[in-house]
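Quick heads-up: it's one chain on its own, the form predicted on its own, in structure tokens.
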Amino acid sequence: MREGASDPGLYDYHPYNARPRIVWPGGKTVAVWVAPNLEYYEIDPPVHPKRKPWGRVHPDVVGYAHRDHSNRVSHWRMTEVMSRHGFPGSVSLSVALCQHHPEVVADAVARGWEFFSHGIYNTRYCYDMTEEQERAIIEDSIATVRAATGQTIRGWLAPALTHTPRTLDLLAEYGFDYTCDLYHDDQVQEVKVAKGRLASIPYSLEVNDHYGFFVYNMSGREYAETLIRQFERLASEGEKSGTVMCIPLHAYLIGQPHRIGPFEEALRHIASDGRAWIARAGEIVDAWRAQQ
């Protein structure tokens, strides 16, 4: 991305009403993937000059403990509901979780989930990183996930959604297939990189449970209804050209006892509708690539 540019130059413009037809397996109209963020937040991380990891004075026991609910309790609640209705996870993984709570990672492996990197810790930011530092995070992610799961990660969601101007080029150089860091479309799109190729798979801030509960102040019922409305529209529009719906989750939010019931109803609705191809992120990118 050029400094001072009016357009980031990361992708071409393709108007939504004039695109080639994308067809998903089985004639489904919308590819639905669930992205559980399996994260680890340090209670007292190194301070970054551009951003504070916690709103309170360090150490923020309240913030840390709230998020720790994910790895102690609510992960299991969330995964059981997903598995019951046939939704595999494509995991946005803070790779340090492999050392801190390997039981959580092992559970996701046993369920056949896919892993991609969300950095090492969600309390470490990429602002102003040198190329050497950024390469070290990418290489650590590849090696750590391979050792813990046997998988070679194919995707990336920047830690705490922080990047440098070189991030996408580096991902392509290391052979990654997709990024979740561009929120510009409802279909898979090509990203412009210096060498190789990289796809942008639709991730979502709008129906991310973090935004639903922290930004939009939704109830569990309102969030579930939002997921259903999102699905219905994308499934309808996908009759013309296949769309993608991502459901990004954080177990400490969606897995709370008062929220999990409405969420399960939303998954039941999507799974029983008949228009959804319920898939992993890598499968969606592969199906899209095969049609280019």
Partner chain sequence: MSTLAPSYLEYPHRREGYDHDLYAWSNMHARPPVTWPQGSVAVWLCVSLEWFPILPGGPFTAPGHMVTAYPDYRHYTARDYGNRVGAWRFLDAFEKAGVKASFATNAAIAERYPELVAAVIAGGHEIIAHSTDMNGTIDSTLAAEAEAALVAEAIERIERASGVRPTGWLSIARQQSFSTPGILKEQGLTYCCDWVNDELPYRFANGLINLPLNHELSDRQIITVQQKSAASWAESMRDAFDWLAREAATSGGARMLPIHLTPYIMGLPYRIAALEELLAELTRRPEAWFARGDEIVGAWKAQT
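The shown structure was predicted, so the numbers you read here are calculated from the model rather than taken from an experiment. Positions refer to the first chain, counted from 1.
Below, we turn to the form predicted in complex with the partner chain, even though it does not appear here.
Of the candidate stretches 167 to 175, 184 to 192, 217 to 225, 148 to 156, only 217 to 225 contains residues with a heavy atom within 4.5 Å of the partner chain in the predicted complex.
Checking V244, I247, L38, L253 against the partner chain in the predicted complex, a heavy atom within 4.5 Å turns up for just one residue: L253. Although the partner is absent here, K240 is not a contact residue: none of its heavy atoms lies within 4.5 angstroms of the partner chain in the predicted complex. By the criterion of a heavy atom within 4.5 Å, K28 is excluded from the residues contacting the partner chain in the predicted complex. The partner chain is not drawn, but in the predicted complex it has a heavy atom within 4.5 Å of I260. Not displayed here, the partner chain is kept clear of F87 by more than 4.5 Å at the level of heavy atoms in the predicted complex.
If you take 70 to 86 and check each residue for a heavy atom within 4.5 Å of the partner chain in the predicted complex, you get N71, R72, V73, W76, R77, V81, R84, in sequence order.
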